[in-house]
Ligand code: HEC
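Quick setup: one chain, the form predicted alone, written in structure tokens, and binding and motion questions come after.
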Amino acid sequence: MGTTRRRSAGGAWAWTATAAVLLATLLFLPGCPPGDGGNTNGNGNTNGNGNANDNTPGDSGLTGKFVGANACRTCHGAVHATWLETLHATALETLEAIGSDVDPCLACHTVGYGEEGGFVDRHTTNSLAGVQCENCHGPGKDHIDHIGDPAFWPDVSIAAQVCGNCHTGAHHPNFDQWQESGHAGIQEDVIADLLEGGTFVNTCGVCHSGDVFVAARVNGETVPEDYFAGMTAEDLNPITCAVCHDPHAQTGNAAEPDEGRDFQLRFPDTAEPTASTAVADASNPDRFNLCGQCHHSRGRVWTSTTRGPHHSVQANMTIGEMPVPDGTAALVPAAASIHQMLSLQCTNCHMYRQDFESEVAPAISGHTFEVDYDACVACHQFPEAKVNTIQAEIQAALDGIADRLGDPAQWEYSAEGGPDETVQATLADEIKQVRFLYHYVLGDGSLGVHNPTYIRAIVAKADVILTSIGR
């Protein structure tokens, strides 16, 4: 069987893959609270025969619409084998170990609990224990009964709600916090308009559309430019869970996972590329860590005239590199940030996590991707004050550069309110270089924090160039 891409019932693109297993893959933070210890058989349920003490695993009650992962294994053995190594496969054991295998926890640690034909207990429906194929795909009996009919193939979607059905609430608020993040939407109306119109799919789309990212970067597909023609922004999946997390397997890409965990990251948590001035290197996602798959240069250099650096150069800035036209000298010497040396790199500050303590102090999943200063106190006594100081310094330097450049209509990029392309060609190289340096710092977005030494060198270089031309 090949891989078929089709639309889900909601209109968003989805992938029906050779694997009939797509599991929700957000981080497993500490789950349900311990049980009350009052269960006679350790799982809070009686078996189908009413014998509360007989917990011998069995499937006498497995007669409904749910079939269990073993039934999927017949055709999808490879995916089944990798799923067995994930924490989803042993999700019920996780509850049992802490005495929490009770309602309502069972709804997210078994298949179909509370539904007709779903998990009841170990004795009668043991094959439905754990988080399996049908948690994400829905009941599989119709598919098995009509194995060759595409109309009955399970619907596969990368929509965040697939994971959010369970990864929500005070104990594991991954979905809730992701909804507050910039990843949760097609951030800019212009990007949504471009994608709706079926253009710029392989440029803007790769990092602004989860559908395109999974198709192009994960599945290696050639994505046609009319991929989303006729669709609206509401039909598009943004940067959802399955963009960063592998739904089917442990990957070993987490730098320092908690004991027994893996996080199933699609790309390595950390990377240590050597700084380069080559455009091909600066725009090559294969050099960077998970976040750098999108947060990297789009190849613009100081000779570009239409637009400046994209607001995505965080990976380049952290390792202290800046692309220049081929065969030309670096504008600023490379200087890696000390933050690149952190054990988790971007994750250290942008994905601070904290276990559930109480309803008043719920878990923090880190999926807003906003910096939590609690993550910085190990190195900085007053991190917020330090950040404010650096950012005020760099913002003042940028304001000074803009003032010395003068009226933006005379020097800005043509697509950003500057003169047309004809006038752009007549601008002095020094002006082009300074505006590129200026926008490179703005594009990083941290105002100096990602790499203070390198960013100070950038604004200092801009000062030197401006002084050389009497500005």
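Please read all numbers here as calculations on a predicted model, not as lab measurements. Throughout, we count residues from 1 along the sequence that is shown.
Another form, the form predicted in complex with heme C (HEC), is not on view; read the next lines as being about it.
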(request) Mind telling me which stretch in 324-332, 272-280, 118-126, 236-244 gets its heavy atoms within 4.5 Å of heme C (HEC) in the predicted bound form? (result) 236-244
(request) Evaluate W153 for contact with heme C (HEC) in the predicted bound form, applying a 4.5 angstroms cut-off between non-hydrogen atoms, and reply yes or no. (result) yes
(message) Check T305 for me: does it contact heme C (HEC) in the predicted bound form (non-hydrogen atoms, 4.5 angstroms)?
(response) no
(message) Does any part of P309 reach within 4.5 Å of heme C (HEC) in the predicted bound form? Heavy atoms only, please.
(response) no
(message) Would you classify G445 as touching heme C (HEC) in the predicted bound form, given a 4.5 Å non-hydrogen atom cut-off?
(response) yes
(request) Just give me the single entry in A396, I147, A361, A229 that has a non-hydrogen atom within 4.5 angstroms of heme C (HEC) in the predicted bound form. (result) I147
(request) May I ask you to list the residues of 337-362 that have any heavy atom within 4.5 angstroms of heme C (HEC) in the predicted bound form, in sequence order? (result) I338, H339, M341, L342, L344, Q345, C346, T347, C349, H350, M351, R353
